[in-house]
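Heads up, the chain below is alone and in the form predicted alone; it's given as structure tokens.
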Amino acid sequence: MNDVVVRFAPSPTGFLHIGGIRTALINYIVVQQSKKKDPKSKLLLRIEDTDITRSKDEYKKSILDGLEWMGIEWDEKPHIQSESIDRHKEIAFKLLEKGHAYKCVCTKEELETRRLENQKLRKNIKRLCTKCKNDSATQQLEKDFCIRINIPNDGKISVLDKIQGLVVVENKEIDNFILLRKDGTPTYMLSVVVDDHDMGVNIIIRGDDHLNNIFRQLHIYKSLKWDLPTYAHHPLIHGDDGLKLSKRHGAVDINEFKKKGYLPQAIINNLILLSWSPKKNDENIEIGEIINTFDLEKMSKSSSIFDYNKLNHFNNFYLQKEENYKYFEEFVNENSILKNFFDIDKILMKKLFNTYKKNINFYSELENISKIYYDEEFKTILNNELDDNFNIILNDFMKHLDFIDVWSKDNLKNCINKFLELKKIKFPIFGKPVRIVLTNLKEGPPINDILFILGRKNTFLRLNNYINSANKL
């Protein structure tokens, strides 16, 4: 068998987070590599919506939208887990019939009492249901029971994980977990195995928080004599505090990254370098090159830190590329603040972007910057740095500006340099207060860039308004 069938199986009980995207990305890359040799290889999407109380359509939409935005394409239509519940039940009773499972009537209270008793005796016993399996009356019940897996006490089970290596667990360390609840609903542990088998999944790539689930799930496979899949459990992403990445670490919903103005290229570049190295001189790597060089078995077993500074570094790199300007325009059309400004003056917006793109981490940072340049009622906030000496210099400089025929960055830069040389003025004495007059900011791009963005009309309007205000004092 040469074809590879993998799956990404998110639950619509929350928004699609950055860790989920990483798992989907790794599955996508592995399938794209395989498709070069065997076009039958597939990435399947399964929506695990059996938690009826917590599953919501808005979360499902978030998952689909996030994957599409990231360019992670799946094959076939999404599989909806809740549509296969009858099949899951069928398998639970099949296991029961073959003696690989048994009926249980233990209550939560009884199990908790046994757990506490074992704890007091310092006994680490995984299996708390001790009476039901051998109780004939319980096994003859027609209702009011759950179904538990029947795992032997002796022996061990092992798996050769593509990332974690050989992992061995003794059977006595595995609990006789529930397959079918008393209300007749299947558990995750059963449903995921049945779905993976029925969908033909032969490689399961997921986070290592599921590593312990392998041994439970393998017992189901073996009991049913189904072909065993290959496993690869990648390390989780942690925040800069060393804890598992969560909402407290910032925007973890992938669509929040989109709203802020991150590019999929930057997110992919950042995520793939967590626990894997392409062994090249620079860290910038796009999806085509990743597909050509990625090696699942070369991933580290250690968890990785998700660093927003690193992501910002990559995003700045990609948003500066000329061919990516189209993505900025797409973002503008979906951002109400920037779209309003863009509709007023498209040329001004492009000037703004080209000037500030070296200094922004993501597109939405241009919202506040744009407000400065599009403000038709802009007024300079007067302060001590704008004194009489500066006002004399500014009046003189405005005369030099007036002689410029073509309002370009180069001509403006030459004008400033010649003026400073002629007046024997050091740039900081001149530049900082001019920047304040034009933008009310002490830091920012070069003065000639600011003048170019504003254009001749707005430049003189702001300078004259300032002079008039200063003269009234």
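Quantities reported herein were computed from a predicted structural model and do not represent experimental measurements. Residues carry their position along the shown sequence, with the first being 1.
Just so you know, the form predicted together with the RNA exists too; it's not on screen, but the next bit is about it.
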Review point. Which of 197-205, 385-393, 258-266, 182-190 has heavy atoms within 4.5 Å of the RNA in the predicted bound form?
Key: 182-190
**Study point:** Contact residue in the predicted bound form, from 44, 447, 70, 436 (heavy atom within 4.5 Å of the RNA)
**Key:** 447
Check your understanding: Here the chain is shown alone; which of 209, 83, 76, 117 has a heavy atom within 4.5 Å of the RNA in the predicted bound form?
Key -> 209
Review point. Does the 4.5 Å heavy atom contact test between residue 417 and the RNA in the predicted bound form come out positive?
Key: yes
Practice item. Please run the contact check for residue 296 against the RNA in the predicted bound form: heavy atoms, 4.5 angstroms, yes or no? Key: no
Review point. Any chance residue 364 has a heavy atom within 4.5 Å of the RNA in the predicted bound form?
Key: no
Practice item. Answer yes if any heavy atom of residue 32 is within 4.5 Å of a heavy atom of the RNA in the predicted bound form; otherwise answer no. Key: no
Check your understanding: Going through 142-176 from first to last, which residues have a non-hydrogen atom within 4.5 Å of the RNA in the predicted bound form?
Key -> 146, 148, 164, 166, 167, 168, 169, 173
